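Coming up, as structure tokens: structure 1 and structure 2, two forms of one and the same protein chain.
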Structure 1
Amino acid sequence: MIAPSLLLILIIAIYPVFQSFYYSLFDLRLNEPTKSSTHLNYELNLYVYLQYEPFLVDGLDKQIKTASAPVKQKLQNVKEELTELDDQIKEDAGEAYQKVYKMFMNYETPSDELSLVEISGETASEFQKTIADLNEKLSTLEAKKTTDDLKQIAELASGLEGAIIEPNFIGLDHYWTTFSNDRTWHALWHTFLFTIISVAAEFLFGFAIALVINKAFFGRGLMRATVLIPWAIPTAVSAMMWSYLYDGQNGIVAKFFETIGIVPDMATLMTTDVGAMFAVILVDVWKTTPFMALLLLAGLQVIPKNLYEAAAIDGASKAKQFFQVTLPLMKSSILVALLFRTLEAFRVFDLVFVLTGGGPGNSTEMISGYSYRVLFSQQNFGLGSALAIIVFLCVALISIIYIKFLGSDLLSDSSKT
């Protein structure tokens, strides 16, 4: 009965993380044909190879017939090398060679899987040497008399070069480049700053609000609904809404801040480093404080009332009651609420992406946003995946720290029946 859920989770959630890690070990760029997938070994694209090789041999044959004796000998040598290589490739590729050849003759395009065959590094270097050799000989010939035939042969030879795919496995290189890059450290710093300030503010305000509304009052349901609305609205939509409120000319919130003197003028909010960071944090606090208050309120309400009565009889002051009764009993709800919020804040993406786009001048660029930009704007899947894995590791680290604090409360609860 669990199988369908478990299977989905494994395939769509866990496997991609491993896949991301795997990508991060390669120089993988979607916008370069020879680097658009992962190659552990030297490979030969048979389809590309067969587009050039037979014609190159034919062209050489023709030249050999007409050329003078010394040139003839040289070309003959190259041709022999090529045929030797071809035999080698036929042997390495096995059936695939014939299949791709047939498809090519029928004007069909074979799939990448079929046409890519692994070749040894030796064959690959032999291959490149032969082509270089040929090119050199052709260029000396060309110097003497340029004919269209020779030009064509040179073109065919250079086309063959494109058939060889070099391995793009680079190990942990991306991680070193990432960590020696200031932009990564800035993005990490912004993320930490954002996470710590927003979660701290949300927690303090949230707890205060929870304490205040932890009593029976008229209109409680309505209050709860009000509190839930910012949480329920898509982040991208509220980010867009706030960008209107923050607008340097027509934004009411910007105007308000200017009036009460928080910012020198309305434009400061979205155009300066500190202003933009403040703006982003404020939206996050607005959006999630109510939610935090709700979670903490739920924790407050399960504390038995008689504990307070007992404490009051023992002469404990309100403050003492709070520290001796409320806080210890709230420990696990506080930690759970903080854990979820910290993780969510750390992986923040859409709020910043829509509100500031990481600007001005990368001053609000978070690690997720940076990773996204490298992945999809620069199409550099290798480096982008390395950044994404860094986000993943940070998130894992944060959870481990919290769970250490939580003890096994969280999981032991689940195993009792």
Structure 2
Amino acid sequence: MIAPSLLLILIIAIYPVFQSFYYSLFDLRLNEPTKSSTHLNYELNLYVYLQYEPFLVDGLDKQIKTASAPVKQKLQNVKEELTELDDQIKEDAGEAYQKVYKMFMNYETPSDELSLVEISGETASEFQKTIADLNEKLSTLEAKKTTDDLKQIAELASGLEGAIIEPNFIGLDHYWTTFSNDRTWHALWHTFLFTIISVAAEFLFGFAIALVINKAFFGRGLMRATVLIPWAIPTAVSAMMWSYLYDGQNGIVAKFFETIGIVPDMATLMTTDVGAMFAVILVDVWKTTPFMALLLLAGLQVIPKNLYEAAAIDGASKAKQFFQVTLPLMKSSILVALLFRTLEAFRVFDLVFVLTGGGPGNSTEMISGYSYRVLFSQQNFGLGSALAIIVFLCVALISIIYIKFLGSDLLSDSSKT
């Protein structure tokens, strides 16, 4: 059973993290054709190359026939360099060169897999040197106005620059960039602030609710179902609902807070840094406290009733029973509930995205929202993957700290079963 379990963990948990780490080592941008995939070596887009190279050679031939002797010699040298470069590319590309050439002549578009060929670093260096040298000579000749149509040839030569694809492996540069960016630290600070305050409030309210609904009273079943309603509502729907309640002109909650003096003005709640963070935390506490209560209630219900009866016989007050019976026996349940909620709060995205969009002025932007913007809005998959790895490391660190707290008790409990 150990081998299949390890394999399952490797596929489900480890592989996506490893894949994200791999992407974070590249300057991977989907909105730039030359960086839309990972390139460890130099590559040449044969289709782009053949769109310019044959016409460039033909243009040079025409100019050589009509140019004066000194210019003709320079153009002849350029043509020979291009021919040597083309032979080198044919050697590197192999059969793909002729296949793409035939498709190009038949007005067909080859697939990227066929069109992109790996070339040696020597060929790539020679390619860049030849094109740069060609452009310099053509610019010189054009400045002297020695021949006509040199501008068109120069444009064809410039087009060849887009055929070469350089390696986009950058190692750990994205991590240095991320940690040197103030926006990252602000997003992490917002995330930790949101997590600590939200989870603390949810724990206190959740424990209180769990203690109440653990007692036997008329209508307890209805109350248990009622308190779960906020948790049952989809997060995006809750956020949209509360955005109306927080509205600076017609929001009922905003008006209530203004009336009791929590905010000086209804608009303050969603237009100031502190007000927006308070609003986000309040919604999260409202929505997720029932989940915390449910987890703690499960822990309360497994405590034997005879322990309370024995404590009462010994003269222990209700408060003493709570601190000396309930809390010690709830330790594992409390820490598991805190672990689940802390990890979930640290990864919060949809609530903030719908309610404030990270604003005003990025004052409620969390690290997951920042990662989303880099990944999908900017389409910078390399930097976005680096941010995802940072989130993973933070979550792993939180898990280790919690497990350090509860580890021995849980392990001893499991060993007894």
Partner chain sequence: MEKKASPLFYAFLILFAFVIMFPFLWVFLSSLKPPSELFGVNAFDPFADNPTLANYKHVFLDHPFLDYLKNSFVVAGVTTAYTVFTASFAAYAIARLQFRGKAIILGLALSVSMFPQIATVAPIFRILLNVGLTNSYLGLIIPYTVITLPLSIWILVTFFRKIPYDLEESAKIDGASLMQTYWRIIFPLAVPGLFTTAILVFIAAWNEFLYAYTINTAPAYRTVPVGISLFQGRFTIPWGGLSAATVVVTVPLVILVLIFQRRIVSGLTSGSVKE
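FYI, numbering is relative to structure 1, first residue = 1. For clarity, every value in this text was computed on a predicted model and none was experimentally measured. In this text, the rigid core denotes the largest set of C-alpha atoms whose superposition between the two forms falls within 1.5 Å.
Q: Between the two chains shown, which is the form predicted on its own?
A: Only structure 2 fits here, because that chain is the form predicted on its own.
Q: Whereabouts is the hinge between the two structures, that is, which of I213, H39, D133, Y22 sits where one rigid part meets the other?
A: From I213, H39, D133, Y22, the hinge pick is H39.
Q: Can you give the rotation, in whole degrees, of the smaller rigid part against the larger between the two structures?
A: Domain rotation angle comes out at 9 degrees.
Q: Please state the CA displacement of Q63 between the two structures in angstrom, with both forms fitted on the core.
A: C-alpha shift for Q63: 4.9 Å.
Q: Upon rigid core superposition, what is the positional shift of the Cα of A96 between the two structures, expressed in Å to one decimal?
A: On core superposition, this C-alpha lies 3.3 Å from its counterpart.
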